[in-house]
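Before any questions on how it binds or moves, here is one chain, the form predicted alone, in structure tokens.
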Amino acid sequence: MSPFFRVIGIEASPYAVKVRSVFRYRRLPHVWVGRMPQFFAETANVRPQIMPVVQYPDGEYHTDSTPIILDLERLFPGERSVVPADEGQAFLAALIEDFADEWLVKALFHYRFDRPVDQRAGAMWVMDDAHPNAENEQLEALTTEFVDRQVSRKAFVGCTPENAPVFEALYREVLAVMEGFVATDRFLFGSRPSLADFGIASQLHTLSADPTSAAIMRETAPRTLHWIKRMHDCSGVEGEWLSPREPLLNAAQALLAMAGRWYLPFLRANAAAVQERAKMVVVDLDGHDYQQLPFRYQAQCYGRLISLYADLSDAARTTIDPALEEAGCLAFLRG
């Protein structure tokens, strides 16, 4: 058996960066392996084909960032956990992380593939990261192919011109919330980082690199940019979780409110569309007529959140329900 984990990914992937940041914070033995061509064959049969791929010390390969992070909690219980000790706060952190993974990522996709300057810059970063030995002509061809493929998927993920105002408003609101928060030495659930912090930071990491979204961040949220860089390696951070009796921090409450206004209404409408085999998800999101193709995986995300909430103890629900009610989330989580 190997004495360490191998995290195989690229810098341009928010999910790979998230997993790597968790490994660093938890001080777990690992190596970061750039997913270069010499590693393509190694991971070719791993399913699903998403980043990162983590090879465990026993040789097995695992994918999907959140299940990997939660599996680390099982394997190394209590050792610098990223899941709040209080079960109610743990649920809220999971909800915010899911919001980042599945909804904030749409803002990332929108900015990356909306304008030619972003399409080229983002795609070239991905391809150069994955093919560092490519000659310029080959890199240009790989970049063009990647742009064409991703632009063809825009409607599938909802990144249409009609929906652009939703994602641009979302991005600016997340930046405003974080900019007012990162000036403190606290994280979303205490003085130590949680799954929610890593989820938000990893999406913003990629947004901080593409030309248009990076310019917005530098202009409106410069300290958030510094926070993102600090989140890459929190191995020196020591801290405590909020007490369940302490009020939720304003930033966490604000992020929950965004989930209540945009993400959870979409999830419920999407789940219904999948169940009914509808051709389109149509839902009012904070006054915007939002439409996209149904997405089966995000129907599963909704089912998971409902199950997590249902599994909470009565005491935990009593503690967090006021925050969820204020954020507009509660009705969607009760099924």
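Start at 1 and count along the sequence shown; that's the residue number. All values reported here derive from a predicted model rather than from experimental measurement.
One more form of this protein exists, namely the form predicted together with a small molecule; it is left out here, but the text below deals with it.
Although the partner is absent here, Q275 is not a contact residue: none of its heavy atoms lies within 4.5 angstroms of the small molecule in the model of the complex.
Although the partner is absent from this view, Q298 stays clear of the small molecule in the model of the complex, with no non-hydrogen atom inside 4.5 angstroms. Interface residue remark: G9 is not counted as part of the site for the small molecule in the model of the complex, having no heavy atom within 4.5 Å. At the 4.5 Å threshold, heavy atoms of T66 reach the small molecule in the model of the complex. Think of it this way: in the model of the complex, the small molecule has a heavy atom of just one of V282, I306, L28, I50 within 4.5 Å, and the residue is I50. Residue-level contacts in the model of the complex: of R74, K229, R245, R149, one residue has a heavy atom within 4.5 Å of the small molecule, and it is R149. Figure note: of the listed segments 39-47, 265-273, 57-65, 283-291, the one touching the small molecule in the model of the complex, with heavy atoms no more than 4.5 Å away, is 57-65.
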